[in-house]
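First, one chain by itself in structure tokens, the form predicted on its own.
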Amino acid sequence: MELSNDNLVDKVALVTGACGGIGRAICERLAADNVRIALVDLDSQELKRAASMLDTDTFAAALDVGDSDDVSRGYDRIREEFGDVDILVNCAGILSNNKLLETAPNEWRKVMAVNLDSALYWSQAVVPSMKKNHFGRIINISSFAWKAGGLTAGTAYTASKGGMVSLTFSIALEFADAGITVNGIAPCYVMTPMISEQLSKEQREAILDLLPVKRFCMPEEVAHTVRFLASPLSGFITGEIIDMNGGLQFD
């Protein structure tokens, strides 16, 4: 692929957590560039609605991203009916605010399955065809919690996002010479139901006091960064985590 080419027309993207606030924004942003999109989430009816809102070719796959067998069957169907995946966005995630002593074993396993295990399963699924085509973009939606220890997020969530960062580094190194880039985005307090519904008004106000930009991140801003990393012109960037924390921490 020519380095001057930023064209994503007819590329196939697979977005997990496609019905969430960030996932929807990512799908909309990629659709604006005529990327064909396979949307993955749990709710089949919500998936159909989300897919119908996009002005591009879509494929809706309702499945449990934390179940390896479900992912394997779902990906086989996507590839057979929709084509090889060029861009994988691991966006599926659930929040847990419970700290160490309140974290139950079943909660830990559920958060890990959705937030971390799923990124492994989907990466394993798409890498062979990406390697064959000598082009691939894997973009993992992590969180600022991975480096901050979780200001408000719980232990399981924070650990899962830290694991996603290490997974990003490992896959990036292994396939750097195959035309596959693997990067992460670590947003801080994106205005989605995770913020508006799972944090109290007092918690939200306290967070805004901490953020130098004095506002929350918007899903469209994360989607813009996904589009940047998906570009053929981003092929020299791999194994990076892009912070989006409103100036909360400088590196």
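Note that residue numbering begins at 1 and tracks the sequence as displayed. These numbers were taken from a predicted model, which means no experiment stands behind them.
Below, we refer to the form predicted together with a small molecule, which is not included among the displayed structures.
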Check: So which stretch, 72-80, 138-146, 169-177, 97-105, is the one near the small molecule in the predicted bound form (non-hydrogen atoms, 4.5 Å)?
Finding: 138-146
Check: Can we say 21, 41 and 114 each have a non-hydrogen atom within 4.5 Å of the small molecule in the predicted bound form?
Finding: yes
Notebook entry, point to check: Which of 64, 33, 220, 57 has a heavy atom within 4.5 Å of the small molecule in the predicted bound form?
Noted result: 64
Note to self: Exactly one residue in 188, 50, 226, 37 has a non-hydrogen atom within 4.5 Å of the small molecule in the predicted bound form; which is it?
What the structure shows: 188
Next item on the list: Give a yes or no for residue 119: in the predicted bound form, does one of its heavy atoms lie within 4.5 Å of a heavy atom belonging to the small molecule?
Entry: no
Margin query: I'd like to know if residue 91 sits close to the small molecule in the predicted bound form, meaning any non-hydrogen atom pair within 4.5 angstroms.
Written below: yes
Margin query: How about residue 195 - does it come within 4.5 Å of the small molecule in the predicted bound form, if we only consider non-hydrogen atoms?
Written below: yes
